[in-house]
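Presented below, as structure tokens, is a lone chain in the form predicted on its own.
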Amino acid sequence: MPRDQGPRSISLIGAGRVGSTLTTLLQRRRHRILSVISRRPAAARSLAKLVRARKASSSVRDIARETDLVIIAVPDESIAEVSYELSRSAPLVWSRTAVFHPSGVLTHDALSDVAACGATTFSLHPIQTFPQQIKPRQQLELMKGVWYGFEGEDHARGLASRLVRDLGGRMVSIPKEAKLLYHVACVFASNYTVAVLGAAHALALKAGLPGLEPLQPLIETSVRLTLSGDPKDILTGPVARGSVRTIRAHVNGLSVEEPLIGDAYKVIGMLALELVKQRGGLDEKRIRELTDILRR
């Protein structure tokens, strides 16, 4: 079993935005980055120079033997493949090595090949967005106070907790069977929020507004209040009021002007109606009318 305390000797596989951010933060907290492995040699060399790693390579065979923590930060579809390659060719002492991946949707089962060799395995997902458009320095700032979703072997929990502390974050444990729903929650909170605001942006431009700026106070207030309370108590607008005529006008207008956004409007409207039903206050007749319009 790998030691839990003190600086780690880390090797990273995958020099993308997530892996680069995590290793940079850990290196700043006195953990040693021994090797950076990437299918893009230039990316491996660049990050290795930044985090003072002595090895940069495109092959897992070149991973430093002294490594006691491996981070596999590759696309989800490649994690199991990399785990297999490691189990077959990496010169590591598995009984003293921990391996984790930062995937939001996959469990530590994706690391079953290195686990079979004796490695301690877990997943540790940073609950933050990593857009390519922002600079690495800005990304590091965005990681302050971020939550990390832990899922994995019980005896890995202490190690994961100490890593999260050094990353400047907070940890929440995710049951293995709930990992998928956890990730969907993250998608709704981030990706789909952006998509919904994208729809608002498109409609605003079409209505003659200069983009989202006039809507910014509305957006920020809605998010702030929702984060501080129960969503069902914060919801306002035509669905919350049971405004059948307004909802029908929206649906009919969007079916002509913006059919795709219209489809999204109806689905999200049903989600809003569920919140209204939880809160109470609308009579059954009004709820049925709204349901008929939104399911049309």
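Don't overthink the numbering: it's just position in the shown sequence, from 1. Given the structure is predicted, the values throughout are model-derived calculations rather than measurements.
Quick note: we don't show the form predicted together with a small molecule, though the next part is all about it.
Participant: Among 99-107, 209-217, 222-230, 161-169, mark the stretch whose residues have heavy atoms within 4.5 Å of the small molecule in the predicted bound form.
Facilitator: That would be stretch 99-107.
Participant: Heavy atom within 4.5 Å of the small molecule in the predicted bound form: which of Tyr84, Tyr192, Trp94, Phe130?
Facilitator: In short, Phe130.
Participant: If you check Val114, Ile79, Ala156, Ala90 against the small molecule in the predicted bound form, which one has a heavy atom within 4.5 Å?
Facilitator: Spelling it out, the residue with a heavy atom inside the cut-off is Ile79.
Participant: Are any of the heavy atoms in Ser35 no more than 4.5 Å from a heavy atom of the small molecule in the predicted bound form?
Facilitator: Flag for Ser35 set to no.
Participant: Might Leu275 be said to contact the small molecule in the predicted bound form, defining contact as any heavy atom within 4.5 Å?
Facilitator: Contact with the small molecule, no.
Participant: Hey, in the predicted bound form, does Val18 get a heavy atom within 4.5 angstroms of the small molecule?
Facilitator: Val18 belongs to the contact set for the small molecule.
Participant: Even though the partner isn't displayed, in the predicted bound form is Pro126 close enough to the small molecule, meaning a heavy atom within 4.5 Å?
Facilitator: Yes.
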